[in-house]
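As structure tokens, one chain now follows by itself in the form predicted alone.
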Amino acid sequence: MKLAELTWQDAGEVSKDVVVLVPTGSLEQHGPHLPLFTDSYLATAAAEAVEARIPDKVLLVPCVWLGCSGHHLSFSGSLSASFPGYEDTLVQIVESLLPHGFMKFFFLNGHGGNGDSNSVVCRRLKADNPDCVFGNRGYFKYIPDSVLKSTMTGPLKEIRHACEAEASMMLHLHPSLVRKDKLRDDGLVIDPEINGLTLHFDEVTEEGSFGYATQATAAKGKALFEAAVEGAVKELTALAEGFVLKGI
């Protein structure tokens, strides 16, 4: 079910066993070859594909598209919420639905910069609502490493930014929005290696991307996207139907 398409009476009749599914994205630069809305397009597509597979088990909320993108603001067109503003938006979505009996909430993320805040929000909400269930994960985290390694042909076998994987999924889902003539490989690494640094994106890239976008194809994008949806459907079905905690 899609919340945006229901009437208020319809919403009142929705089973309270469903998982309220909230995709989170961004509007930020994605190099010279992908549109600013890439993360939101991909998070929305993944969430809508999940809803289409299990419409009786999820209540899909429209994508929260204004993400935590301060590290991209040196690139023209990028927009960012403050951390408190973004986190409060997620909290307010949940707190709007809690009084109507919904108890299971999941943020399906499409932008790495939202990850820490999504986790903080879940901890805040759980502290205030211990009987409810809260979770969050990037849609891309559902893609098994084996699929990444067997599908991606560039040297970097992981999803980064406007990379082989993201460009491939955009070629699969929104091919008209990909500037195919501008696909490029990009990325700067620290030498010698130092872990744990916080850097803005203009410090680690030349033109806004990180990865091997020249390796992108629609076929790879389909394989990666379908693997992500399959993994998300499996776990969100389990969340809707109920789980138990077993001793180790």
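Being a predicted model, the structure only gives us computed values, none of them experimental. Don't overthink the numbering: it's just position in the shown sequence, from 1.
One more form of this protein, predicted in complex with another copy of the chain, exists but is not displayed; see below.
> Is there a non-hydrogen atom of Phe140 within 4.5 angstroms of a non-hydrogen atom of another copy of the chain in the model of the complex?
Phe140 lies outside the contact set for another copy of the chain.
> For Lys126, is any heavy atom within 4.5 Å of another copy of the chain in the model of the complex, or not?
Result yes; Lys126 sits at the interface with another copy of the chain in the model of the complex.
> According to a 4.5 angstroms non-hydrogen atom cut-off, is Glu51 in contact with another copy of the chain in the model of the complex?
No, no contact at 4.5 Å.
> Consider Pro175 of the chain shown here, and say whether it contacts another copy of the chain in the model of the complex, taking contact as heavy atoms within 4.5 Å.
Judged by the heavy-atom cut-off of 4.5 Å, Pro175 is well away from another copy of the chain in the model of the complex.
> Which residues within 67 to 106 place at least one heavy atom within 4.5 Å of another copy of the chain in the model of the complex?
Heavy-atom contacts to another copy of the chain in the model of the complex: Cys68, His71, Leu73, Ser74, Phe75, Ser76, Gly77, Ser78, Leu79, Ser80, Ala81, Ser82, Phe83, Gly85, Asp88, Thr89, Gln92, Ile93, Ser96, Leu97, His100, Phe102, Phe106.
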